[in-house]
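In the block that follows, a single chain appears as structure tokens, in the form predicted alone.
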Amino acid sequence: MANKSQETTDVIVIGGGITGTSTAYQLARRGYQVTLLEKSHLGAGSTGRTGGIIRQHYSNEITARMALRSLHVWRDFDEQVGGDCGWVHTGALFIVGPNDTDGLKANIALQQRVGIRVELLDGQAVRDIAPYFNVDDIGAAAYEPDAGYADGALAATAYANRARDFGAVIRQGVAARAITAQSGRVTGVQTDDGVISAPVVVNAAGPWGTQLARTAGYETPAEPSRHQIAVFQHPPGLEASPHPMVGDFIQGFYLRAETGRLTLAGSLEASEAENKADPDHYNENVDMAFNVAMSEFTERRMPPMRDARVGRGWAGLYCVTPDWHPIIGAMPGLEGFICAYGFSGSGFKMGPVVGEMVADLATGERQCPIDPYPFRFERFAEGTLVTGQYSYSIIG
């Protein structure tokens, strides 16, 4: 049997979520030897507990372009990647009160400039799409007909399977304990099974990314926080599934349809970042107060839901940075070390394009037309943060 401590590869990817598996797929299909390390199982972290919303509604150009490029993969996943990602087409509505309509119009104009299909609607037009919605307080809405949702666990598994098809090694149940380096460059990863050697290491460990970067001497401002998702069973007579995804900026929450006559609800408030969590030990269930708040918001927006039953929701993790945008880049001072985490709630929907961007960084090639430079780690020290136009930082 070969000595595991002597294992060598071109690139080590740490993390079996959407970022890690998409990156491994992109590298393997380009002909590189890749080993992906996942300490538990694929999708065990944030990806497996995502709300799965696929939208293009962002308020700066780079994230809007990333979302659009990723959408093209999500909606044609079997053809573009191969396998099932659980894609369901629903469309999406982003609604604001009368005082915020000018800002919404500006964001729609930006999105249209980059090629996103989106239009401005008034309250009556919203009701034409969703007659069961209360539109009395709506000033305007952005309607995105191509939006939908996908399944985190299915998508990560599909990416990993396709990476394997191209020769990648996927090692589940193997924890990366530390980044190893010598003379200013990465040499590999220390695992529970020994050292794996590689000249390039990608830290795509999501909520564990900060801990892992620390082993290489980096303090990155990305903190895990707990994000809850309430689940409501539709009452009899409400034929509203799948209804459009709703980003309700008036109440600061979102709604998303789910199969089985269900609706999911979660917060859009920036205060979500204050719910700090240990990624290895946190409450994965929903607080009763959260269920009550989401129930009230949901009933106000969809009055027929007043008779909905509360289902079993869940809590997952965001990894939040000060500007609510990810760290994607080669780390300064350590050649071959790349970080890709801190997506602040947008990581899943961006997964396809982020895999391309990280593969470019790892190989020095340029196959993705979107440059990750704005997301470099150095921006925090430079004061060049990536900012969107919304006070709801989760939206971006």
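Quick caveat: nothing in here was measured; it's all calculated off a predicted structure. In this text, residue numbers run from 1 along the sequence as written.
Just so you know, the form predicted together with a small molecule exists too; it's not on screen, but the next bit is about it.
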item: Options 366-374, 62-70, 31-39, 328-336; stretch whose heavy atom lies within 4.5 Å of the small molecule in the predicted complex; value: 31-39
item: Close approach of Phe232 to the small molecule in the predicted complex, 4.5 Å, heavy atom; value: no
item: Contact label in the predicted complex: Leu212 to the small molecule, heavy atom within 4.5 Å; value: yes
item: Contact flag, His57 vs the small molecule in the predicted complex, heavy atom cut 4.5 Å; value: no
item: Residue contact check: Ala198 to the small molecule in the predicted complex, 4.5 Å heavy atom; value: no
item: Listed residue (Ala158, Val246, Ala176, Ile138) with a non-hydrogen atom within 4.5 angstroms of the small molecule in the predicted complex; value: Ala176
item: Interface residue in the predicted complex among Pro242, Gly91, Gly316, Gly313, criterion: non-hydrogen atom within 4.5 angstroms of the small molecule; value: Gly316
